[in-house]
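Take a look at this single chain in structure tokens; it is the form predicted alone.
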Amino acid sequence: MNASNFVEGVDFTMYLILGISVFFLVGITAVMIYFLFRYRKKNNPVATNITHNNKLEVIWTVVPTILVVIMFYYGWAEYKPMLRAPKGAMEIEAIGQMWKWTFVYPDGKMSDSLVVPLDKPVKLNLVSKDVLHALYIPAFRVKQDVTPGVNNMMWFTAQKLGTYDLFCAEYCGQLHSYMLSTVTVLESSDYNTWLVTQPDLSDEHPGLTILKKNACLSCHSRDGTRLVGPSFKGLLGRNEVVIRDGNETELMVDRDYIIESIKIPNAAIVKGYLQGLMISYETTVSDEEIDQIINYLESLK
């Protein structure tokens, strides 16, 4: 059983093109080696020069043209169905941002990994919050750019239970490799159960929700674990040595420092961490949301 409805067609097209390519690679290489020995100076003192051959010219023009048309036909035949999702497909919003995937389901639930029901068409509406990404599920043979300001989509029908890798296939910055997630395919009944038991954002601290939406937890842990940036656990009120204007200085992490770090993230970097990795959220996170973030960080003391 194939993992999705596109696997069989995409694989056939790939094997067809690969087979044709290997055939000509082997064939042309064999002819070159044959000519190398057959027409070397020792066996052929007088150079052989064929100035014109209509039959050969027709063959090496017509045959490659036919093969290219065949490859194009099968490629287009398998690509065209990917352009339009069937009516009634379940729609999920897939949000890409540096450096995290977020999936929003029809009832408003959110998750960091994609969960879909078996044998039901799923349409992913692709949204980028910052730069160019590309959502790629190798096992399903689907990939599509996630472009800022462009309403791209992709769809598939998962046909095999299991968990599969989900990647960002477009280099989107220094932590591009962090955009690794999964797709889990469940029976319809198990999917409905998962959807009901998935925690509701309304029960979550609004500051944590904002951190998740902006992929802050990709670089900052909540349990003290060292990641790309300092852990949020016990951050407020802690004394840190920071690099400001090339000089080391010690300060206490307070409200003003958090605000500065969100709006001008490279103004004062905690010693031991790389500079230039965090983008500014001055235009994407409001002052009210910053207050909610700080309120949440206070709860992690």
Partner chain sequence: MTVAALSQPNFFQAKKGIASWLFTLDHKRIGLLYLYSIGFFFIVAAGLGVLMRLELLNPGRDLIDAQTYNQVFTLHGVIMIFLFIIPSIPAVFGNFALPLLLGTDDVAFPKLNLISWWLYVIGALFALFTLFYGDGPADTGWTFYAPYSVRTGTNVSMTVMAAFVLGFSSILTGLNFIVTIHRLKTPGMGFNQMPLFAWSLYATAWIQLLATPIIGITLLMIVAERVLGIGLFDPSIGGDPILYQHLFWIYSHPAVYIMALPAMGIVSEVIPTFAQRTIFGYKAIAYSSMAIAFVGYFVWGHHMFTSGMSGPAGFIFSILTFFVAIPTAVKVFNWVATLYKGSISIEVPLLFALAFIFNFSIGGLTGLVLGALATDVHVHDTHFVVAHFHYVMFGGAGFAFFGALHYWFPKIWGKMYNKAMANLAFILLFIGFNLTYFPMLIVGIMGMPRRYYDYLPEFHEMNMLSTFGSWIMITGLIIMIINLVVSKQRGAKVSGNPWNGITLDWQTSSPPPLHNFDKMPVLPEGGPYNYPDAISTHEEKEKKDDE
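All figures in this text were calculated on a predicted structure; none of them were measured in a lab. So that the term is clear: the rigid core is the largest set of C-alpha atoms that superpose within 1.5 Å between two forms. Positions refer to the first chain, counted from 1.
Keep in mind the form predicted in complex with its partner chain is missing from the figure; the text below concerns it.
Between its partner chain and the residues 192, 113, 209, 147, the one pair within 4.5 Å by heavy atoms in the predicted bound form involves 147. Shown alone here, residue 45 lies within 4.5 Å of its partner chain in the predicted bound form, counting heavy atoms only.
In the predicted bound form, its partner chain sits within 4.5 Å of a heavy atom of residue 173. Though the partner is left out of this view, residue 217 does not reach within 4.5 Å of its partner chain in the predicted bound form, counting heavy atoms only. Not displayed here, its partner chain is approached by residue 152 to within 4.5 Å at the level of heavy atoms in the predicted bound form. Remark: of stretches 104-112, 117-125, 86-94, 178-186, the one touching its partner chain in the predicted bound form is 178-186 (heavy atom within 4.5 Å). Scanning 276-299 for heavy atoms within 4.5 Å of its partner chain in the predicted bound form gives 276, 277, 279 in sequence order. Once both forms are fitted on their rigid core, the CA atom of residue 118 lies less than 2 Å apart between this form and the one not shown. After superposition on the rigid core, displacement of the C-alpha of residue 228 between this form and the one not shown amounts to 2 Å or more.
Between this form and the other one, the CA-CA gap for residue 279 and residue 175 widens by 3 Å or more, being larger in the predicted bound form.
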